[in-house]
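The chain that follows stands alone, in the form predicted on its own, written as structure tokens.
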């Protein structure tokens, strides 16, 4: 594999490519060549604001061609991209920026005044970018200045930091290297047989590994055209599908398509591949989709820290309820959750993974890295699974108590720490329960005194955490159920309140 870096491997080969790369919601189309010209210009702006190899560039901006070009610009400069969920509040951003200390922070113009003090305290310069691709970042482009040189990078140099909430309540920055991103892109492109004849429907966010590093890197590696949509709209997807060949989405995308009367075999007839990830896909969704379209969804498995780990085959049996087999060059081991000893095939245990896809560690958290990444290179995922006799992996549980709602990861502890500080709340438990559309819905169970004001708590938490994390139902109880060791029995709460969204 090339050691010349992410830009030289995925972006630079398209410098003279006049083929359409991005087709936007407003009907505009950018060729690969035009996109890279934009990225070169943005790289010049970042460089003039002091960005050098190894610096971080944080981005909390609405999905746009310009926002995506910041990724290419960072790769050109040898800087690490730090994509941030657009729902994060100023309280959440204060921690993230303070931890990462990015040289530049790009945000929406409407948020700039509020976030300026937060960024300044982290040593960051604020530039702005709105949903239409306008802002001070673009205003600062100087067409008369020469583009910065491409900075050669090695496999192990840092390419991005993606924050994933921790079970202790503090988000952790997963450090992804050039090797991690390039290897995964090349393996997936070959496995899923992407070529420059493909047109990919892209309605995912680009602050998440799925939309950015799976979908876009595969498109770059193959030279595919991308129908680049700001949001998922079933009407638009159905309108565009006859002109596309592939789509990547979360399970919620597929349940919403199946709920649409206009989605049928004729609409999907031109498609060769539907990929689902970021959350488990129900077996009934698999079956209903096949009946409706004659096609089987390809489910795969990955994490922020590992990129993609396994995939059902492109050619071969795609088994509902499984996430397929390990990717080329990736090792998956099932171990005893306590001792770490490898278990026999078919046994249920902790999923551990090793390979070029596995992250370098957590940014400025060596103790967390040591806890979750063994000396032999295996990363302890926190997911429980089993591998059948044919090599297919099934996920059977989540040891880390993770909630996945609409494809987003939510760690209950982060929300519980906030709820526990609310007036008259003694303690709280946040759990995920079945939700027909989102997969899991978030609820909060509060052990509280008589004076607790749930409406006030709901209003206050809206200002403190991103919308996708917020509990949608609140229940007040005298005390939380515990086992003989004193541990809160969340399974009992899931059973008790499992019909919250029915």
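Just so we're clear, the structure is a prediction, and the values are computed from it rather than from any experiment. Residue numbers count along the first chain shown, from 1.
Same protein, other form: the form predicted together with ligand MCA, not shown, and the subject of what follows.
Across the options 114-122, 129-137, 406-414, 99-107, residues that bring heavy atoms within 4.5 Å of ligand MCA in the predicted complex belong to 406-414.
Among the residues 208, 354, 368, 170, the one placing a heavy atom within 4.5 Å of ligand MCA in the predicted complex is 208.
Among 392, 274, 232, 263, the residue placing a heavy atom within 4.5 Å of ligand MCA in the predicted complex is 232.
Taking non-hydrogen atoms only, residue 300 approaches ligand MCA to within 4.5 angstroms in the predicted complex.
Contact check for residue 48: every heavy atom lies farther than 4.5 Å from ligand MCA in the predicted complex.
Of the heavy atoms in residue 470, some are within 4.5 Å of ligand MCA in the predicted complex. Ligand MCA in the predicted complex comes within 4.5 Å of a heavy atom belonging to residue 250.
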